[in-house]
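So this first bit is one chain, no partners, the form predicted on its own, shown in structure tokens.
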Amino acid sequence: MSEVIATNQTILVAGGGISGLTAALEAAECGKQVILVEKGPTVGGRVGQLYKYFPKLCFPTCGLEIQLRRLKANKNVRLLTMAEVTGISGEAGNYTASIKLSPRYINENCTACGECGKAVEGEYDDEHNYGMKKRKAAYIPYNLAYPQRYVLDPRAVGTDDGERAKAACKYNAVDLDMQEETLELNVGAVVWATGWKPYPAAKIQPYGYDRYDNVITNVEFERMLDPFGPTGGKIVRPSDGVAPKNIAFIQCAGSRDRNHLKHCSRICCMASLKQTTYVAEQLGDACKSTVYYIDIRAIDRIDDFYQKVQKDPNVSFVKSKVANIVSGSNGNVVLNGVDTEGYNRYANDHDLVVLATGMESTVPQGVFPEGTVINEHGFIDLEESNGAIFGAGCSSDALDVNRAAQNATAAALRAIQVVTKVAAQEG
């Protein structure tokens, strides 16, 4: 790859999701030099996996496309994909960041013509769709991916598939000899925006995610609705591909729980309310939705959205922490618990269950200089001892998209102040 130039007046942004993109672009549009590092082959993060935003129910491709247009137009941002920050040392205004670059096996000659994808035969679980479908060994992660360049799965290198991909490419873009590289960069400030991951549903043993086909997570349900997703946009039961008639949405699946995530993940209530509108839109009166909740945390303007969902006669609410899920008949499952409003025990039969899994931090341990404060929930606190390392978006707290973007802008402004001060001292 070409040389990466960075100085103590450069801002490093780790993570290319909506928060990282926002922080990088805000800083770059203020005239600062930015290196944006993304572990995966494309920017976009979790937003790229959503079907719609709440509460307006608009498609995230709109907002994401705007950010990508800004990124492509700004020469102050250097984007590194397949790159991971493995260590940071130093102090505010003078950090050394170690960055591991994993081989993509496809170089910048790629025109995204797709011939390599046609040539290979191997298939692997599709990460963008949470393993709900397969992808080819040579692939573009999703339709809006940027860079719009193919990736060759490392498991195909050294196999016939690797040679097929190379032979099919007319532009000498397939490079099977690519090796892992390490960069050492001098930067003045760091914005950490590596986002979140869904809490592993299999850890919530009473809910049977790993035992019952028709117990899925909210992020998997979201992918179902995407026309490019695993079911072509159709809401179906994984067990038989049939449209469900009675869906249960279980709130706080792993959140607000001493055995799992102690914190409230903030997005789950609204995500489930949003998903009931998907059911209403696609299945109408043919399907009922039941939301099992501890309490619905819908504040400010999104309370109007909650009230609108409450008026839907096909949506009902049960105030209860579901105790467990057991097998029913015909692939159905039975939810057991106590309705805490009437203190009545229930054993309710559903043909599909959607778990609103919590938001787990991806902030790593052992990467930051001593003194960087990471709280008990795994998020970066805003503390003076952190120097010029600033958490952004869901690296600082559990946040929805709107608040994550606002938080990232604030982090960018703090980083700008640091490198501006460095420039003034050296000028």
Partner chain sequence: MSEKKIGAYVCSGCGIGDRLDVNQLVNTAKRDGKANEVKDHPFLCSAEGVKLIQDDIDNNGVNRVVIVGCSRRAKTEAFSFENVAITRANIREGVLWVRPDAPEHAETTQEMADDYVRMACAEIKYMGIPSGSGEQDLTRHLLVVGGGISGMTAAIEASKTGYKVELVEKSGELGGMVGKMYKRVPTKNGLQGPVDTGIAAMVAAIEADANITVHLNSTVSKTEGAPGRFDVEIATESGSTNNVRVGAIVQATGFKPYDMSQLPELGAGNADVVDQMGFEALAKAAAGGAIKRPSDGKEVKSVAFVQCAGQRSDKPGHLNYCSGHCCTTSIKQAMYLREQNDATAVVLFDDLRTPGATGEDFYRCGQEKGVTFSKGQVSGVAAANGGLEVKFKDLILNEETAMEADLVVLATGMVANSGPNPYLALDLEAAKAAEDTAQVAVLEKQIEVAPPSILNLQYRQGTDLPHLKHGFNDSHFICFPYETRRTGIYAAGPVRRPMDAHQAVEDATGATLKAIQACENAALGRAAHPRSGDLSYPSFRKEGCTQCKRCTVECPFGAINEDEKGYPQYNEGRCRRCGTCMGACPVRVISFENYSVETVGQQLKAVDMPDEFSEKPRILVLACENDAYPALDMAAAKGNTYNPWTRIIPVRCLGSTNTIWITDALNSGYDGVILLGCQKGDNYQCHFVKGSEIAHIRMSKIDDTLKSLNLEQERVQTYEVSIADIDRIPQILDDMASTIEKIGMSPFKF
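Positions refer to the first chain, counted from 1. The shown structure was predicted, so the numbers you read here are calculated from the model rather than taken from an experiment.
Just so it is clear, the following notes concern the form predicted together with its partner chain, a form of the same protein that is not shown.
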*Which pick from 388, 401, 367, 35 sits with a heavy atom within 4.5 Å of its partner chain in the predicted bound form?*
401
*Just one of 134, 211, 155, 262 has a heavy atom within 4.5 Å of its partner chain in the predicted bound form. Which one?*
262
*Although its partner chain is absent from this view, report whether residue 407 comes within 4.5 Å of it in the predicted bound form, heavy atoms only.*
yes
_At 4.5 Å between heavy atoms, is residue 237 in contact with its partner chain in the predicted bound form?_
no
*residue 61 near its partner chain in the predicted bound form, any heavy atom under 4.5 Å?*
yes
*Do residue 296 and its partner chain come within 4.5 Å of each other in the predicted bound form, heavy atoms counted?*
yes
*Heavy atoms, 4.5 Å, its partner chain in the predicted bound form: which of 276-284, 92-100, 193-201, 136-144 makes the cut? Say which one.*
136-144
*asked:* For a quick check, can you give me the residues of 28-59 that have a heavy atom within 4.5 Å of its partner chain in the predicted bound form?
replied: 29, 30, 53, 54, 55, 56, 57, 58, 59
